[in-house]
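One chain comes next, on its own, written as structure tokens: the form predicted alone.
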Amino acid sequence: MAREMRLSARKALAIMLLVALVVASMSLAGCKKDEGTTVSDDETAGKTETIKIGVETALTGPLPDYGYAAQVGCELAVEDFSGFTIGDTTYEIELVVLDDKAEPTEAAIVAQTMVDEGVVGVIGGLTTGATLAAMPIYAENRIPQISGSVTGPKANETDFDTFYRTCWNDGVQGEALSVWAQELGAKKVVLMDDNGAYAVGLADVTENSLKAAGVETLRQNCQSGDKDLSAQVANIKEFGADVVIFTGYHPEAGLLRKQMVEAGMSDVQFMGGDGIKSAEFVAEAGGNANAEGCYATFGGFPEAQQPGYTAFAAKYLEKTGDEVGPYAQNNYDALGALVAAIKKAGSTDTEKIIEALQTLEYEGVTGTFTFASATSGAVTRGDIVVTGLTPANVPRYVVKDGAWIAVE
């Protein structure tokens, strides 16, 4: 009898140990993390999920200064917007920053990589030409894309519902350049582009506006990376231009200005669009004396009219030790608008995010804006829509003592 009691006790103990092991295993399974998701021990706290947002920019190639500013703008936005909630889920943002070198071929590779990374949206690209190469890939894979610096009209001619921008269409900036040149008394204007999509588009708009006003024009072009523009300089001199408008980027703009001065044309007014408004332009033009008095427009409201600019500039300075780079705040707003669209959609489903962008009203650093959901007149699908977007409001800058300052 005693032996049977000992066996029964051992069986009871074995059963108790087995039950304890089962309970422990169930507890561990309940705390296991799904890929990309962290489940809190406190079920009332919900869960945390990491989402990827792509940043397609140009960190090497001809425009690393613009590309760096775009990246910093996005990084500051992540600091401010990561950790947003939808329902019981908190979403942390992981940036996937890729360099397309401002080259269309590289941009297509970057776009496919973004697709493979599973991003819920992309900020960028930086330039019109590179963006045109990437856009079909994003559109086919239904990934929303918001650029903070692509101003070229061609970017919207594709009518993709996946593309949006937080900077102004060059239809406005081109007319503003024309008006400014006329105010300066221009009678003969040379327009020069670099054969890129951005430069050609801006030059086309500016030239058409000048011709409509009866101004005589001459069209010239070069290639990105050219080191000798003497032939174009000779044509400018022969034409007798009183104004030269360069619609490409600052490396070639600076070289053109330098060679114009060397050819005895320092008195010919030199102008350009947002592509030349870089601190690098001064050195590329041959120094302060050569660059002094050169003009540039920009694709957004002046900083003084941007409600959040002062606070943003302070954050940028603290992070980098530098003044705000070109279009940094527009890229910040692009990422902020994407997050707002995700929240509006109540989902990270990209199709729902695209739909939300079409009706989104967003208050950002640069002001309050929406996106055009359809093409109507001069406004095309995906364009930023803001009150007061006219050529008269396009900001003007001039080089004074080696730095770009606002023209009052």
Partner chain sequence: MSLDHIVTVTIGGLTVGMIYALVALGYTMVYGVLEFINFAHGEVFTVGGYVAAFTLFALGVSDQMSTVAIIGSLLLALVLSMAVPAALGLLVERVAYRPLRGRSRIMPLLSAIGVSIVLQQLIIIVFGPTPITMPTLGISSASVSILGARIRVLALVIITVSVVLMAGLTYLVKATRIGKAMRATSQDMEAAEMMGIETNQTIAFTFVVGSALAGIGGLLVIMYYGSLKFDAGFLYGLKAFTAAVLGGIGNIPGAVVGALVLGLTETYGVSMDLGFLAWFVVAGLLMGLYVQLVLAPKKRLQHISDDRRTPGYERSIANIYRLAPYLAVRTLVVERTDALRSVSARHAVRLMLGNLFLVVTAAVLFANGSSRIDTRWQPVIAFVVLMVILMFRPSGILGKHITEKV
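Residue numbers count along the first chain shown, from 1. Basically, rigid core = biggest C-alpha set you can superpose within 1.5 Å across the two forms. Here the structure is a predicted model, which is why all the values come from computation and not from measurement.
One more form of this protein should be noted, the form predicted together with its partner chain, which is absent from this view; the next part is about it.
Novice: Would you check, heavy atoms only and a 4.5 Å threshold, whether residue 200 touches its partner chain in the model of the complex?
Specialist: Although its partner chain is absent here, residue 200 would touch it in the model of the complex, with heavy atoms inside 4.5 Å.
Novice: Since only the chain is shown here, I'm wondering whether residue 283 would be in contact with its partner chain in the model of the complex (any heavy atom pair within 4.5 Å).
Specialist: Heavy-atom contact with its partner chain at 4.5 Å: present for residue 283.
Novice: In the model of the complex, does residue 258 have a heavy atom within 4.5 Å of its partner chain?
Specialist: Because a heavy atom of residue 258 falls inside 4.5 Å of its partner chain in the model of the complex, the answer is yes.
Novice: Is residue 221 close enough to touch its partner chain in the model of the complex, meaning at least one heavy atom pair within 4.5 Å?
Specialist: Heavy-atom contact with its partner chain at 4.5 Å: present for residue 221.
Novice: Please identify the residue among 320, 269, 235, 141 with any heavy atom within 4.5 Å of its partner chain in the model of the complex.
Specialist: Selected residue: 235.
Novice: Give me the residue from 118, 87, 307, 225 that has a heavy atom within 4.5 Å of its partner chain in the model of the complex.
Specialist: Exactly one residue meets the criterion: 225.
Novice: To test your reading of this chain, name the stretch in 144-152, 258-266, 271-279, 165-173 whose heavy atoms come within 4.5 Å of its partner chain in the model of the complex.
Specialist: It is the stretch 258-266.
Novice: Is the shift of residue 305 between the shown form and the other one large enough to count as movement, that is, does its C-alpha move by 2 Å or more after the core is superposed?
Specialist: False for residue 305: its C-alpha shift is below 2 Å.
Novice: Verify the C-alpha shift of residue 228 between the shown form and the other one: is it 2 Å or more after superposing the core?
Specialist: Shift at residue 228: 2 Å or more after core fit.
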